[in-house]
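Take a look at this single chain in structure tokens; it is the form predicted alone.
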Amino acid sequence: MGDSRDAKRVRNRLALPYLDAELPLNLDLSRRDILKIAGYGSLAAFIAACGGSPTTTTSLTAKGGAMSLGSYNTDPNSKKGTQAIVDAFTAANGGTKVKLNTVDHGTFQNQISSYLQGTPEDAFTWFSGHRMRFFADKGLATPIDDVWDAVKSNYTEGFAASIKGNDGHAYAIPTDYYPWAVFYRKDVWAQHSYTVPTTWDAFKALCAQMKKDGLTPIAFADKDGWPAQGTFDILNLRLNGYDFHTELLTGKQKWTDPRVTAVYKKWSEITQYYSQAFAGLTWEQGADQLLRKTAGMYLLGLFVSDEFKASGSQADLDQLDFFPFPDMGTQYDAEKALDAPIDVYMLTKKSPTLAANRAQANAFLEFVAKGSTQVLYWQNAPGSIPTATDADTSQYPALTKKAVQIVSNAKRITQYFDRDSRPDYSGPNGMQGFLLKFLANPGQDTTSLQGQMQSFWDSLAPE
């Protein structure tokens, strides 16, 4: 959100007006795209599985067939972007019906297992990495090798690797990604003559100065549980390296390892600079602190810009900037590792209508693999960078170009904690809860906490 991305979309407010600029769309479709197939998706099934109600349902008058899509994109910007994709696909296919069911991200993520095992929609929005492979291994996702063969020339090797299951089959279409970094307002920093810290000591010194200047040094908001995982990720990557981090998240290393203790100890050095009552704040409220100039920095994903766009003005968005997390003085600084989660579209396995709708669903997946489609989404949600190589990047603002550059400079890239680890470990009953226990008393001896973390991991059934 992040996943996670994950979860970045949990919102209930209405967005302010969106950017006026519109990119020309190349809606030319191949013959296989022009399909007319009977059948309808199961909207009610998703609602029942997730225990929620749809925030958006699109049922477009159709001359042809139908497919259904389950989405967690409830953030106003991403919600509008998803709707724009559905509308464009519908228009390009002669009014083909698409049923779009948008469910609160937290509900979607927490109920995903029961959803996929029930009677899900034909297609769904999801995440790359371990979370994708987990459900592929469980037989709850449909391989899409035929679609991937048709679109793979539009992707780099890195993106290609991100959608392969453990069995070697393709299971997803990558559509966007976003790096995590430390965000700030240029005008606030100019006012106080702050400079970008490149070391941990400089970062802490800046926090201390911001506190003296009456700012909350670090906006922090963990009501949804996942934001804290981003801090754990980057500290573990900088202190212990990519290999240890990825092995820890997949059970090859122990949570009782002294290297995990070192992460918590280092983390405790900055928790005094966090937002008050952070356990009750959503990530949007954390971003609003930065937007309203009450906080100096915010460690989060590029989707911070979505909140600036939704609740601020273009002038506010123009002031947003970021820098890579500072070096920690270890050998792993050279990796310049960071979280850069990839969002994907997938096909379910147990949809009762997928067999009838398969050709239509395939056409939709090919459509979202187009750069023009992904740019259409990006226009509405500027924090999500297109993955397709034919995406028109000429309209990228400086912030987006910088985000692309920071990812290209990273020698190691992770998908985010709750995408790289087991879903049943990373959720509220697992890592999210453990991190809240730590943050409730950062100065504690974490031996007992780490023991609980390992015991919980050991209690999980083999994948």
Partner chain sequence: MLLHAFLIAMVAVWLFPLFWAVYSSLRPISDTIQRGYVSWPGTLNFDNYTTVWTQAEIPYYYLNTLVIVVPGVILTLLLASMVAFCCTQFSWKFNLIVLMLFTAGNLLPPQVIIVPLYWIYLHTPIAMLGSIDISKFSFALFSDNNLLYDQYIGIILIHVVFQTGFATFVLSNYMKTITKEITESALVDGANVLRIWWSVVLPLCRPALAAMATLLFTFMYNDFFWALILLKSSDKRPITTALNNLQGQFFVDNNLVAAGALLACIPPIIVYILLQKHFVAGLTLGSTKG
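Numbering follows the first chain given and starts at 1. Remember, it's a predicted structure, so these values are computed and weren't measured experimentally.
If you look for the form predicted together with its partner chain, you will not find it shown, but the lines that follow are about it.
Its partner chain in the predicted complex: contacted by all of Lys79, Thr102 and Gln111, heavy atom 4.5 Å: Each of the three qualifies.
Among 354-362, 335-343, 238-246, 114-122, the region lying within 4.5 Å of its partner chain in the predicted complex by heavy atom distance: Of the options, only 114-122 has residues within 4.5 Å of the partner.
Contact assignment for its partner chain in the predicted complex, among Asp176, Glu366, Asp233, Glu284, heavy atom within 4.5 Å: Result of the distance check: Glu284.
Selected contact from Asp288, Asp392, Asp316, Asp327, since only one has a non-hydrogen atom within 4.5 angstroms of its partner chain in the predicted complex: In short, Asp288.
Its partner chain contact in the predicted complex: Ala310, any heavy atom under 4.5 Å: Answer yes; at least one heavy atom of Ala310 falls within 4.5 Å of its partner chain in the predicted complex.
is_contact(Thr387, its partner chain) in the predicted complex, heavy atom dist at most 4.5 Å: No, Thr387 sits far enough from its partner chain in the predicted complex that none of its heavy atoms falls within 4.5 Å.
Its partner chain contact at Lys293 in the predicted complex, heavy atom, 4.5 Å: No, Lys293 stays farther than 4.5 Å from its partner chain in the predicted complex.
Proximity of Gln83 to its partner chain in the predicted complex, heavy atoms at 4.5 Å: Contact check for Gln83: no, nothing within 4.5 Å of its partner chain in the predicted complex.
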